[in-house]
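Next up: the same protein chain in two forms, each one alone, written as C-alpha cells (structure 1, then structure 2).
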Structure 1
C-alpha cells in the first residue's frame, strides 16, 4: 500500500481499547440484568401436560426397537389411536395461539422484557459510540477487501480515497457486536450465547400451537418401522464372548 495512514497511539488508548472493553462489560451486564428480570411464570397445566406427552411419545419412538412388537403396538395404540389416543386431537379444539397470547398478559410482558433487555443496551452503546467516536479511523483489518465493503467498514467516514481495510469506530462497534458472541459463550456459559438468535426463535414460536406438534408427533409415531433389536443382540453377545474367550 502506498499511502499508509499513521494512526495516533492515542486513538488506540482512548478509542479502540475502551470501546472493546465497554462492549464486553455491557454484554456481561446485560446477561445479569436479564437474569434478574426473568420472571418465573407458572406455566399452564395443559401446556405442560402436552409437552410431557410429546416427550414421552418421542421416547417411545426413539426406543421402539428395544421392546417387543406386541408391546410397541400396545403403546402406539395408546398414543395414536383414533378414538381416544392421547396424541389424537379432536377437530375444532385447536386454540388460536395468537388469541392465547393476548389473553395472557404475562406472556406479552415477558416478551417485552426480553426484547428491551436486548435493545436498550444496544441503542445506548450505539448512541455513545456515535457521540464520542464518530469519524475516527479506529483500526485496520489485516486483510484486503473490495470496495463493496466500504459502506460496511467505513460507516461514518465519507472519504473515498482511504483504503477499505481501515475501519471506522462505528464499524468497529458492529464488528465487536458480532465477534464477541463467541467470547460471551465462553465466559458466561451457553445460556448467553443462545441469547439473541435462539431467543428470537423462541419468541416467534412463543404462542406455539401444541395441537399442531401433537399431530406431528402422531404422524411420526405412525410411520415408525418396528424392528425388534433383541434377537440380534444374542448373536452380538455371542461374538463378544467368543472374542473374550479366544
Structure 2
C-alpha cells in the first residue's frame, strides 16, 4: 500500500520555489544569449517563395468547395500541372539539404550555436539539481495517477511504497524544462528561442528537404474532389433581391 508523506514547508521554500525560479531565469537568459549569437542572414528568396506557395495551395484545398468547379480546375491545373505547375518539382532539381548545409559555413555555425545554447545550460542546470537537490520529494500532484507515471514523476527515488502522485526534485526539473513553454510565450512572445521541444524536433529532422513539401502538397491537391457547396446561389440571391425590391 502506498504511504502518505508529510512534506516539510522548508522543502517548498528551499527546493521547489528556487528550482522553478532558476529554471525561468535560465530560460530568459538563454533567450537573450541566443539573440546575441544569432547571425543576421538574408532569408533565401527561393525558400520564402516555396513557403508562400504551399500556404496558397493549402488555402485552395480548404476553400475548394466554395468556388465554381471550372475555377477550381483552373487553379488546380495552375498548381499541379505536370509540365509547368508551380508545385511540380522536376526530377534532379531537388536540393540536398545536407550538402547545402556543409557548403554554407554560416548555416553550420548557426546550428552549432543553437545546439550549444541548448545543451550547455541544460547540462549545468541538471548537474546543479542532481548535486544539491537529489532525493527530495518536492511536491504532490493533487489527483491520483496510475503506476505508469512513477518513472516520470519519481526520478531519483527508488521507493515503490511512495504514492505515485509525489514528485521528486529531479522530475520537477524535467517538468519545468518541457512545461514552461506557455510561460515563456507570455514573457518573451510567441517567437522565442527557449522551446526545447521544437529544437529537438529540428535536430531530429536534420536533412529535411523543403522541396518534398511541394510534392506532398501537390499530391494532396490532386486527390481533392470538388463538391460545390453553394449550388445555384446566384439564382437564389437574385430571387431574394427581387423580393426586396418589389
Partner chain sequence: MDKNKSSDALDEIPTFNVDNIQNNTRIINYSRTFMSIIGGVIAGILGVNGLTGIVFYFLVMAITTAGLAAKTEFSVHSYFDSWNRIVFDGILGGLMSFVLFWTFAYDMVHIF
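Not measured: the values here are computed from a predicted model. Positions refer to the first chain, counted from 1. Between two forms, the rigid core is the largest collection of C-alphas that superpose within 1.5 Å.
- Between the two isolated copies of the chain, the first is the form predicted in complex with the partner chain.
- Taking the rigid core as fixed, one finds a CA shift for residue 66 of 2 Å or more between structure 1 and structure 2.
- Here residue 9 does not count as shifted, since its C-alpha moves by less than 2 Å between structure 1 and structure 2 after the core is aligned.
- The two forms, fitted on the rigid core, differ between structure 1 and structure 2 by less than 2 Å at the CA of residue 173.
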